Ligand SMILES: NC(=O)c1ccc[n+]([C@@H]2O[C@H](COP(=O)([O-])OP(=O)(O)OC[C@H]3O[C@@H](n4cnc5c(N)ncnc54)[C@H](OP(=O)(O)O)[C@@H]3O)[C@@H](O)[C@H]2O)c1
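For reference, the chain that follows is the form predicted alone, supplied as structure tokens.
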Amino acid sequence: MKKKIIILGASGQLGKEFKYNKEFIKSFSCSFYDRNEIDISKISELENIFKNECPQFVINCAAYTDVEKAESEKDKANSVNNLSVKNLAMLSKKYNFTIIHFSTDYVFSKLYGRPFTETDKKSPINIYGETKHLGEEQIVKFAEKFLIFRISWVYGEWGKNFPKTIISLSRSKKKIDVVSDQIGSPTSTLMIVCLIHRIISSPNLDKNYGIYNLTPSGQCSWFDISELIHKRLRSKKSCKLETISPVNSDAFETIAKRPSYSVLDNSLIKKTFNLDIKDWSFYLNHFLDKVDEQYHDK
């Protein structure tokens, strides 16, 4: 019998990756809910769904992810990333389901001279990171069966993201400046869904609940990402971009502070679930293969 899974936040870029992944929806009995169908801040709405559907897993893709706007919309960000997560955590215990939740590399900022591990002390430096940190704490406090996956620099086929922005700019700009002094690991939504498929199917899952870093191997800057994309696109007729210049973060005025280094160590998740996780460039190239026809002529 297929495992029953509810996916919340189904209209976001990660939620849509689950919704349209043929292997995932074939393997499990899935129900998808977006923010127009359920308000996750209202515990009664969540409870009605869980009573009726009796899920074994609830995958929470609902999140407030606008790092800039969070600085002026703290209450809104806190409602989605923290208080609503508390509702899910408490209900997971009441209705005996495993909650799968996504956190972020932005819960960290203090430099250790190495990638961050799951047990490093958190030190968010913006409102977004703070609300995601608080959401993690709600799950740890109230849920019994949970998996928190810290992901970073997320991109995919749906929604707005950095690689798609660079692709778009390459069609209209001859020269762009890209930040080179922020280091992280861009994480493909397709990679996330494929790995969670594997993890949910793991026979020893009930012994391995907890917090995991779920990112590709390796590290890069935003500039490195744009350079790889440009190398793939520059031979195409529709590509006007000639030069990408590396610049420091202070070249762009932003409201929210961002960590200069937020690489996550993925050793624990690889070892625990016997996963083969490749370098960030492998997944980015795969993404570019998929969107190539959509954005550019051959």
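All residue numbers are counted from 1 along the displayed sequence. Computed from a predicted structure; not experimentally measured.
As for the form predicted in complex with this ligand, it is not shown, yet the points below apply to it.
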item: Contact flag, Ile167 vs this ligand in the predicted bound form, heavy atom cut 4.5 Å; value: no
item: Arg234 within 4.5 Å of this ligand in the predicted bound form, heavy atoms; value: no
item: Contact test in the predicted bound form: Ile127 vs this ligand, heavy atoms, 4.5 Å; value: no
item: is_contact(Asn21, this ligand) in the predicted bound form, heavy atom dist at most 4.5 Å; value: no
item: Segment assignment from 22-30, 40-48, 226-234, 265-273: heavy atom within 4.5 Å of this ligand in the predicted bound form; value: 40-48
item: Single option in Asn87, Asn78, Ser152, Gln182 placed near this ligand in the predicted bound form, where near means a heavy atom within 4.5 Å; value: Ser152
item: Residues from 221-258 in contact with this ligand (non-hydrogen atom within 4.5 Å) in the predicted bound form; value: none
